[in-house]
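The chain that follows stands alone, in the form predicted on its own, written as structure tokens.
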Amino acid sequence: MRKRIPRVPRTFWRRLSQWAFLLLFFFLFIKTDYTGSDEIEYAVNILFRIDPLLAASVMLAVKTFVALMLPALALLVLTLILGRFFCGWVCPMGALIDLFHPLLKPGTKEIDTRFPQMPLIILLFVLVSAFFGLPMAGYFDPFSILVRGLSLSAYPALNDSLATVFTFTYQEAPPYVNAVTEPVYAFLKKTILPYSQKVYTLSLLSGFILVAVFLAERIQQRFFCRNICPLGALLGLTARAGLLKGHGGSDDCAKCRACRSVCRMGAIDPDRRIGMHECILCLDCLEKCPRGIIDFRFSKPVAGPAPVSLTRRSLMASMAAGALLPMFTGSRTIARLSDPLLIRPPGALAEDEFLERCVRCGECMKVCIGNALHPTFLESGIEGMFSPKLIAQVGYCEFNCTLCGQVCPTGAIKALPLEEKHTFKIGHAFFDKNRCLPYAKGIPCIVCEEHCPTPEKAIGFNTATVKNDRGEEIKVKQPYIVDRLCIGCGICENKCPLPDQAAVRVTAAGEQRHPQKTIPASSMDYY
């Protein structure tokens, strides 16, 4: 008698898919880094480009079609065919939540979703506010939260911790231990760890938001996906009109509610009907149904999609908030006087359109070679939080690097050819003569000029006779900025040998994206 081959559980294929896409996500995440070349070999930003929430938000904000976000349309088409499969089979955030769930099981088994209307409310608010000029998608989008938290917090912390451990073993451990640890550390640096150790502003906040998503599992399984995620709500709306339908139990089920008890999304109601707007096709219900009654099959769309479970009051409130909140942005001082230290990356669009396109993903900050880009707090208002800015005293914009424009998924930062990058002005340097050593103390110093990367140096010298601290007259070279050559890269400020605050400071003055900030070249420019 031929032995019967055991059937592979259908949930196995879902888990395999989750793991495969999670590994792909981490592979692309690690590759979003400098690897010795100014070219990014992989489509590291594809996760953001297939996100229909970000695509809709960006296009509503800029009031035009953004070709970079075209792959998002493909996901919506697949959702019409396969339902909300992305959340259960592809999404890296969902996979990580499922991975940590056994460690963070809720205290009680709560079947019904706590706030079923909230994702739709957030979705409407995000889209309406984007249309009226207040981009908020980056605060709620799962991919932005995940990549930002990993890039700005978890990844640098991992690198620093491992460096500390392996440095200790190298210094304190016997040679036979180092014979093992050093090759391991070399392998990790070559394959997994970043090119260099980086630090960021808002690192703790970015990490805390990500950790909070996972800790919410203690409240309810898939709490973020069920109660907050606006991307899931958008995919759910699409799945309502899709071809794939779930068919639940029947009268033969009697009092059995096994399917309902194992549903991680609360997609099965007490009558065992499956709501495709909530179902993520985890297939747990198929495996747990003792009679094998539940199934999923394709069928023609019904005459009209299922009604959306959103009250009229919630609908009006979310739309009103999205429309009214942007009205108050023009009453702030930054509407007239921008922060002079708000220096955007080279290739950044004009500020309004830059913020409309920026999805706060952190990709540009992660890939920045010099660790020059950091997330803003409120320097550009609430709509600019987590968007990138250059902090020259931490790092500088590498002259021969164009990586930030290559990884930006929405075109908020244009991908510049190297020749154009060399002349793209993001700011301007100014000397503080009360601190600069040749001016203030008569001490020779040419560090800033030595590091200036422009072919024709943007820092020149005037020879002056000054008195030093002993009263002696000496000749020193006093630096000055050549306005037409300075591009605001910040290396002069970064390399200034003075402690605490540098004697040369880079501001956003003269930035190329805003012609009205052009620095006067003569007295006639004042009039």
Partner chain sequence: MNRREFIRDVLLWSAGLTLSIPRLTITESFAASGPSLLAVEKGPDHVQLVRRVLASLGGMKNFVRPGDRVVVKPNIGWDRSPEQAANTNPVVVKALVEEALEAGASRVLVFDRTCNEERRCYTNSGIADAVQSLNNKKARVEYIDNRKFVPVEIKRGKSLTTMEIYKDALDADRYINVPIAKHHGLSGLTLGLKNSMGVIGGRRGMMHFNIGQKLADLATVVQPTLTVIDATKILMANGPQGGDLKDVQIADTILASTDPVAADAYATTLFDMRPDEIESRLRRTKWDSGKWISTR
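Being a predicted model, the structure only gives us computed values, none of them experimental. Positions refer to the first chain, counted from 1.
One more form of this protein exists, namely the form predicted together with its partner chain; it is left out here, but the text below deals with it.
- Contact with its partner chain in the model of the complex, judged by any heavy atom within 4.5 Å, is made by just one of Phe187, Phe132, Phe208, Tyr170: Tyr170.
- For the residues Thr311, Thr333, Thr191, Asn400, the 4.5 Å heavy atom test against its partner chain in the model of the complex is passed only by Asn400.
- This chain is displayed without its partner chain, yet in the model of the complex the stretch 450-458 from 450-458, 342-350, 241-249, 140-148 comes within 4.5 Å of it by heavy atoms.
- Across the proposed site, Asp33, Pro444 and Leu498 without exception bring a heavy atom within 4.5 Å of its partner chain in the model of the complex.
- Taking non-hydrogen atoms only, Lys477 approaches its partner chain to within 4.5 angstroms in the model of the complex.
- For Asp483, no non-hydrogen atom is located within 4.5 Å of its partner chain in the model of the complex, even though that partner is not displayed.
- Taking the partner from the other structure, its partner chain in the model of the complex has a heavy atom within 4.5 Å of a heavy atom of Tyr396.
- In the model of the complex, Phe214 stays away from its partner chain, with no heavy atom inside 4.5 Å.
- Residues of 349-377 placing a heavy atom within 4.5 Å of its partner chain in the model of the complex: Ile369 alone.
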